[in-house]
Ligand SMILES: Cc1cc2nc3c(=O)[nH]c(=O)nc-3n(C[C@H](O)[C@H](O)[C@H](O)COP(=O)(O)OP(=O)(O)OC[C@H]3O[C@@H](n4cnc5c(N)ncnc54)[C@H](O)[C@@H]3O)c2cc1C
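To begin, one chain is listed below as structure tokens, in the form predicted on its own.
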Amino acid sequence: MHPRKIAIIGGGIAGIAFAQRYRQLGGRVSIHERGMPQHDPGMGFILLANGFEALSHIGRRSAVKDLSYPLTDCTIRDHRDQKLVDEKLDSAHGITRSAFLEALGQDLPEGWTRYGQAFSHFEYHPSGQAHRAIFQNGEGVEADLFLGCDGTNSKVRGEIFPASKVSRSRVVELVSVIENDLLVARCRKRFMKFRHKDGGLALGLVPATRRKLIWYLQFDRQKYPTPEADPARLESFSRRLTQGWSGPALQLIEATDFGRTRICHTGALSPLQQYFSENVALLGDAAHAVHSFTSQGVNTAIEDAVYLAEALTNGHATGSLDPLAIYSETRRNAMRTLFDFGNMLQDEFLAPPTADQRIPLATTA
């Protein structure tokens, strides 16, 4: 039995993954998501070996694999299409965010999730513990444990650790998804990246299905001022930055609906001293936002969810040490090197490319 009443703030990947694992272990939760069921859940990402291992604990590994696309290699070329680096990948798959959420959320009881509930603040007991989460629509929920799963710009984190700040990166990403089986076939199951010889500018391609391809343009905002989020301006910006490039740049732009293209301001969170305060804990990007170069945001969020669900269950069963403290220390140790590695990858991106550069992935946390 699980007597704790747990309220999850944020119905994205970390929140759903925790709910699924905790449900398997005999518990139940309520999920409070600020968006609505039909809202656009974003583009996509690369799942790596540690993410798949965590999915095995949730019983969703096969379901996710069925909706993803295998990536056997990472190839980096310069903007003239000359190969710089080529490495084999282990258990890597591209997937759209909507497909991943579909697979991850299978069989989760519908009544567990409440939409349109954007977090506002907590009400506290005299002891200092949070008693009730209040949402911007005036509703609230009482719980014994609150989990902040509300992403990089977490309002839950801002409430319990007001001094914590996400540092804005020099790197901005223009991201889109197209349906083009010829371009997917051209990638030949590779995650591909084309880097300009002067550094600070790159084009990435991630096949997500046999027909869908996620592509992005990464650029140094100090060199290239960020365009307005207007389709015509985004298209013009993409054409200007890739003018004269060899490779697939022009085909990608021609195949893109820039009305469905996003500008993403990347950033990272300096490591926190701990991932909880009293009875409020943080998971995923709310706890440890790392540079997007690592491709570990989603993978480590699933790991967080599995580890915390199991720590809470084992702690309740054995009366052992505080499971929140165990979770926090274990996951912080795992994330320290990943944060530093992300900084190194960003520095390499801003510099001219070399033949001995690292691939833009962190294979483990």
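If you're wondering where the values come from, they're calculated on a predicted model, not measured in any experiment. Numbers for residues come from their place in the sequence shown, where the first is 1.
Keep in mind that the form predicted together with the ligand is not shown, yet the notes after this line are about it.
Engineer: Only one of 247 to 255, 270 to 278, 168 to 176, 219 to 227 gets a heavy atom within 4.5 Å of the ligand in the predicted bound form; which is it?
Structural biologist: Looking at the partner contacts, the answer comes out as 168 to 176.
Engineer: Does any heavy atom of residue 46 come within 4.5 Å of a heavy atom of the ligand in the predicted bound form?
Structural biologist: Residue 46 belongs to the contact set for the ligand.
Engineer: Though only this chain appears here, would residue 118 touch the ligand in the predicted bound form if you measure heavy atom gaps against 4.5 Å?
Structural biologist: Yes, contact at 4.5 Å.
Engineer: According to a 4.5 angstroms non-hydrogen atom cut-off, is residue 264 in contact with the ligand in the predicted bound form?
Structural biologist: Because a heavy atom of residue 264 falls inside 4.5 Å of the ligand in the predicted bound form, the answer is yes.
Engineer: Using heavy atoms and a 4.5 Å limit, would one call residue 19 a contact residue for the ligand in the predicted bound form?
Structural biologist: Residue 19 lies outside the contact set for the ligand.
Engineer: Non-hydrogen atoms within 4.5 angstroms of the ligand in the predicted bound form: do 83, 192 and 353 all have one?
Structural biologist: Judged in the predicted bound form, none of 83, 192 and 353 sits within 4.5 Å of the ligand.
Engineer: Which of 186, 155, 211, 132 has a heavy atom within 4.5 Å of the ligand in the predicted bound form?
Structural biologist: The residue in contact is 155.
Engineer: Counting only non-hydrogen atoms and a 4.5 Å cut-off, give the residues of 139 to 166 close to the ligand in the predicted bound form.
Structural biologist: Those in contact are 149, 150, 151, 155.
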